[in-house]
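So this first bit is one chain, no partners, the form predicted alone, shown in structure tokens.
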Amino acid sequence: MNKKLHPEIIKHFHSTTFTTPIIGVTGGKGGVGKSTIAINLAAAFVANGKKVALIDADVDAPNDSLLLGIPLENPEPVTIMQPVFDSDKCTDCQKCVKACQMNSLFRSREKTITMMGECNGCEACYLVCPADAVGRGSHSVGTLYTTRRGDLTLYTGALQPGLAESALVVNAVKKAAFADADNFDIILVDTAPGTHCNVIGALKGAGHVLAVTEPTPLGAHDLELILSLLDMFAVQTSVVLNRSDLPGQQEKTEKTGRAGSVPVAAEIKLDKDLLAGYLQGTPVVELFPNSSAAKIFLDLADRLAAAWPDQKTQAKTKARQEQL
């Protein structure tokens, strides 16, 4: 495992402004069933009497609403600052052109700045302009959706196709859900696959992360990568081995987790009931609540919930800590 980061970085990664526990569901490799695990775990928490927020932070390809069989509702745009240039105030110093890290600004003629490429909303041009010639416009990069069904609230972030500002949409969807955090018993975050910045951003604040994998060579390889990343941030982690009866490298996959003292929280075999739920857009916990697959999710939800005291106890503990 990798050396851990500076304590201040780890402290910042784990800091939140509320006591509702956050559980991340991630996976180094795409296509291992991460979202299937996330939506069924959310349904299991609800079945166990919990109020759940599920954040679909895989903003390039959000599909939790499809797997839950519920529509995307209450759309809100995610916007970033886009500069608006005032040629009457421009002194032609061109500091904005030099400050643009995207190299998107072009001085076509005197006192005329034109945007020729992509803007990431960093506001550098706005900040360096000495003549107040750069105004703050806005540009939509994605959409947030909030869908409420009983005790489950789904927060979805969707990046506009062709744009690269996925991190902004991840942050926006988390911010929207976190603003309502006190209304929930559990917050689940379904991340994008991989080990990139958006995955780290999505998992920030998570008290426990489930690393979903499958017994294939790529699954074992990418599990090692995501476990190394989570170890760097000192995140409590366990492994969910999906499709565990696939002929492949289960032993190697389990060894990867155990070698780093990471327990296997659940093994889920190929299951016709789980597949039926996937095809019908209904969690197996709701479709076949007495099935073996549903019982695995219900048991996993029970064990995860037991790891945290209730919110009242946490609030009292935090208050005592603040008084010391």
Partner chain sequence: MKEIVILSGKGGVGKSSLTAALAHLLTEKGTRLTLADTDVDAPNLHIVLGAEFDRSRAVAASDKAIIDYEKCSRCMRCVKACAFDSIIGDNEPIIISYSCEGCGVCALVCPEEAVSVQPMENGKINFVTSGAVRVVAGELGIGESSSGRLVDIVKREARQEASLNGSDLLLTDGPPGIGCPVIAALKGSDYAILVSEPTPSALSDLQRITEVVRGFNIPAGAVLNRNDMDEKSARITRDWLIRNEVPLLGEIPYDPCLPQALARGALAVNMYPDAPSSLALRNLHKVVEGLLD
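It should be emphasised that the depicted structure is a prediction, and the values quoted were computed from it without experimental measurement. Positions refer to the first chain, counted from 1.
One more form of this protein, predicted together with its partner chain, exists but is not displayed; see below.
- Using a 4.5 angstroms limit between non-hydrogen atoms, Gly207 is distant from its partner chain in the model of the complex.
- Taking the partner from elsewhere, Val59 is found to have a heavy atom lying within 4.5 Å of its partner chain in the model of the complex.
- In the model of the complex, its partner chain lies farther than 4.5 Å from every heavy atom of Gly69.
- With a 4.5 Å cutoff on heavy atoms, Ser166 counts as touching its partner chain in the model of the complex.
- Contact with its partner chain in the model of the complex, defined as any heavy atom within 4.5 Å, is confined among 183-191, 147-155, 118-126, 105-113 to 118-126.
- Taken together, the three residues Gly30, His221 and Met232 all lie with some non-hydrogen atom within 4.5 angstroms of its partner chain in the model of the complex.
- Screening Val84, Cys93, Ala131, Ala99 for any heavy atom within 4.5 Å of its partner chain in the model of the complex leaves a single hit, Ala99.
- If you take 269-304 and check each residue for a heavy atom within 4.5 Å of its partner chain in the model of the complex, you get Leu275, Tyr278, Leu279, in sequence order.
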